[in-house]
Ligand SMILES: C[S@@+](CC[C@H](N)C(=O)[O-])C[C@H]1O[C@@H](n2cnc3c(N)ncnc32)[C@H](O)[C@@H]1O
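Only one chain is given next, in structure tokens, and it is the form predicted on its own.
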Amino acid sequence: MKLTGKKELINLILGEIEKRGGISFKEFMDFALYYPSLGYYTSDKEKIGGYGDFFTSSELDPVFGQLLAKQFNEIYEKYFKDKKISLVEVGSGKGLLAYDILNEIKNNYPDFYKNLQFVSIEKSPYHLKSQEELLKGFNVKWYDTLEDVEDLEGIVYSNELFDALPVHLIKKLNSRIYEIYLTKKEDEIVEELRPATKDILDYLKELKIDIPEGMTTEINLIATDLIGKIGQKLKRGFVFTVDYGYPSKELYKPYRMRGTLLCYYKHTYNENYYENVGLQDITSHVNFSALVYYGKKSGLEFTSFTDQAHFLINLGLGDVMMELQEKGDYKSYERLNRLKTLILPKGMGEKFKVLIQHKNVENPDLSGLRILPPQNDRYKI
């Protein structure tokens, strides 16, 4: 297989393979997505929206951020009233979602806004430049990594962060677990199976995952580390993770023998990970069971698990849609169609999940969780 894409990045990857006799797929994905100034997420390429490669819920309409702000204000009113509270977005990108949330809080929840400190965790210089302009006028602190943040009380949230973290690619063969490495043969790369590391085997054992014979799938050890760090930093409050994925029971079923890795390039998806290196997104489904399990190790308790459609409708999306319907003008109908996209079954409404965890909060009761989807394997943590 030949690597195609950014030549400078490809030469760096090939050089690393040659120097070390091979690199793991996780290391390749790290290069492709996060190598300084050349990786997909660290470059100045437009990634989200019509000129990018994919849409996010926050890109489609401000209502996503507005309803999150409503839920966050309820948390403030119930559990932090008249106290200083931190609101932290991990992987805040260009700041679009942060803007919608902060703007809504400033305009409609003045008491909450008065006591609020917003914290943005983002390491891409391109994205930080966008944020500094967009979030000007709000009370914001910027950090490169979560490690730089002091212990906090309040709310930590992320939107489509965990799916973009580099993953280990594994395969079960003759009842043994192997990890996929990339080696070099002349000018091409070759996938090679090597015995899985202890960390990978421990992950499978702790989560009681027994993947089917012949399956190739992903293990996200960075995700387990990150949720642990979030739990350590948060002394009291809530964690919201919005992303796509499933619990373990659903994620490793036999009909996903090729795993869930996908690439997004100019609003099309493919499984050609070694093409358009540095120019396309590479993602995998999140194992929400792992976030719950490793979150508990740092004190995060499981609150609930739902999908985006139920969460947004519980918070009043139906009322917003009804108002637009009653207006009946072209702009309202145009916006109504965008809002339907957020809650479509088999689409964004069902694909995107919302995991909520809490720490040192007794009997949490949140409006976004009033009605939950059917509790089958897709939702049982």
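Nothing here was measured: the structure is a model prediction, and the numbers come from that model. In case it trips you up, residue 1 is the first one in the sequence shown, and so on.
One more form of this protein should be noted, the form predicted together with the named molecule, which is absent from this view; the next part is about it.
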{"query": "Contact segment among 267-275, 212-220, 114-122, 291-299, judged by heavy atoms lying within 4.5 Å of the named molecule in the predicted bound form", "finding": "114-122"}
{"query": "One residue of Ile189, Ile75, Val149, Leu165 in contact with the named molecule, assessed in the predicted bound form (non-hydrogen atom, 4.5 angstroms)", "finding": "Leu165"}
{"query": "Contact assignment for the named molecule in the predicted bound form, among Ile105, Leu169, Val90, Leu251, heavy atom within 4.5 Å", "finding": "Val90"}
{"query": "Thr56 within 4.5 Å of the named molecule in the predicted bound form, heavy atoms", "finding": "yes"}
{"query": "Contact of His127 with the named molecule in the predicted bound form (heavy atom, 4.5 Å)", "finding": "yes"}
{"query": "Gln308: touches the named molecule in the predicted bound form, heavy atom cutoff 4.5 angstroms", "finding": "no"}
{"query": "Contact label in the predicted bound form: Gln280 to the named molecule, heavy atom within 4.5 Å", "finding": "no"}
{"query": "The named molecule in the predicted bound form - contacting residues of 152-176, heavy atom within 4.5 Å", "finding": "Asn159, Glu160, Leu161, Ala164, Leu165"}
